[in-house]
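The chain that follows stands alone, in the form predicted on its own, written as structure tokens.
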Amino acid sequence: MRGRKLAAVAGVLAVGAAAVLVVGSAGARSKASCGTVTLNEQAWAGSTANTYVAKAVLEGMGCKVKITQIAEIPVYQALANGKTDAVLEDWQHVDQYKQYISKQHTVVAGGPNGVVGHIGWYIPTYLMKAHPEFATWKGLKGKESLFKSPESGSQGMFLGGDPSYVQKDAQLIQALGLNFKFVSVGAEPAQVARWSQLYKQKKAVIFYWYTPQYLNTEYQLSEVKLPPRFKGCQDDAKSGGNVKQYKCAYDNTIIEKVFSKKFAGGGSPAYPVLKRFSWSNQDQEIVAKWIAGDHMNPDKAGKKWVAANKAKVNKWLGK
């Protein structure tokens, strides 16, 4: 999920040195016992941010850190097999929790990582200021033509998200009786290219979007409030069924951590540190922007954040 390059090499070296100072005292005690910790990085910028900040902290303790890149569902079998030790950003894969945590006992729940995920309908803030009625979906009724595009004809265009993501927008549009045509342009980079182009032209656009996302630090976006949730409210239209079950806002998702049972029970001093790992949406978006937006080396980005956030890092270290 996703420039400027840093020119001051000396500044980068200073950041790295400061990161070592933050965690160096733990390193002297745990270097011999920590061994190798394998973290799994998933295919979006927020996961990369989590992974490399944790890597910077663990390396400061004297651990060696390996990184795997296994997709969201297959990584559970990798955790069960001990091929990877930790996933620091899991968007509540409930079926996998049942299989690997509750039934097989090969994976251990690690608790929240502090980030709260949310999907919704977004418009540029300049459009919200011009049309404050768009603060809720009801204000869109009768004004859908403002969002017309070549693909949508006489209807307004609703720009859908990456087809692989959880979404229900075509069904929600129908259930709400809005005169939008659902338009998909493909994977997230294509969607971002489309809405950001319209944003730069100061045009009207409404689209599927979410937080945390590093682009939220670059673009001023406002969420359109959807109907309240109700019992039986559904968010993933892949399950089919009556459109009425999708007539509600997307839920908030508490982002979780999961660990290999072998790692959790192996006595590594890295485990309690990762168990305490917790930061905010804003923290993650800042680091993700450095990496994905500014093209900073991920290791340098991780060390830079660690150096600037000693209090949070010390909590993870149990200090």
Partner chain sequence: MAVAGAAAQSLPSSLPAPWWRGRPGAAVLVVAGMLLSYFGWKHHWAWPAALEWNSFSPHLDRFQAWLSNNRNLPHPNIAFRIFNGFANFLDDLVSWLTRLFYYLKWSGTTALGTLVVLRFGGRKAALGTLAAFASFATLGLWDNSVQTFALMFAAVGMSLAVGMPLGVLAGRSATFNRAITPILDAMQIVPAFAYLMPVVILFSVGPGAAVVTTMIYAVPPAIRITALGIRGVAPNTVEAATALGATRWQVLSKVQLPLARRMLLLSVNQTILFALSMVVIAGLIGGTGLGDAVTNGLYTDPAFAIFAGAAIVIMAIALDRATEAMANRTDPAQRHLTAHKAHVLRAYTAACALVVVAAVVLGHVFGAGTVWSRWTAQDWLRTYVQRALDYIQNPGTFLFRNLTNPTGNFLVQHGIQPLRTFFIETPWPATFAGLVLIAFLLSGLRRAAIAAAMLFIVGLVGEWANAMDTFSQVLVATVLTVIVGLAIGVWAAESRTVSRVVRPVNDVLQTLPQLVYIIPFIYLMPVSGVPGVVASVLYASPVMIRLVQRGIEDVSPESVEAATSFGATRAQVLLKVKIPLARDAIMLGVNQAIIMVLAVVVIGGLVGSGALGYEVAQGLQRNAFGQGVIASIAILALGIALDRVTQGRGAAGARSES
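Residue numbers count along the first chain shown, from 1. Fair warning: this is a prediction, and the values are worked out from it, not measured in the lab. Take the two forms, superpose them, and find the largest set of C-alpha atoms that agree within 1.5 Å; that set is the rigid core.
In what follows, reference is made to the form predicted in complex with the partner chain, a form of this protein that is not presented.
Checked against the partner chain in the model of the complex, the residues Thr136, Gln104, Gln220, Asn242 give one hit for a heavy atom within 4.5 Å, which is Gln104.
Val185 is the sole member of Val185, Leu146, Ala109, Leu226 with a non-hydrogen atom within 4.5 Å of the partner chain in the model of the complex. Contact between Thr48 and the partner chain in the model of the complex is found at the 4.5 Å heavy atom cutoff.
Taking the partner from elsewhere, Cys248 is found to have every heavy atom lying beyond 4.5 Å of the partner chain in the model of the complex. Contact annotation: Gln69 falls within 4.5 Å of the partner chain in the model of the complex, judged by heavy atom distances. Contact annotation: Thr125 falls outside 4.5 Å of the partner chain in the model of the complex, judged by heavy atom distances. At a distance of at most 4.5 angstroms from the partner chain in the model of the complex, all three residues Lys83, Gln201 and His295 contribute at least one non-hydrogen atom. Stretch 153 to 161 is the answer when you ask which of 153 to 161, 226 to 234, 136 to 144, 117 to 125 has residues with heavy atoms within 4.5 Å of the partner chain in the model of the complex. Contacts between 255 to 282 and the partner chain, taken as any heavy atom within 4.5 Å in the model of the complex, involve no residue at all. With the core held fixed, the Cα of Leu79 is displaced between the shown form and the other one by less than 2 Å. The two forms, fitted on the rigid core, differ between the shown form and the other one by less than 2 Å at the CA of Val107.
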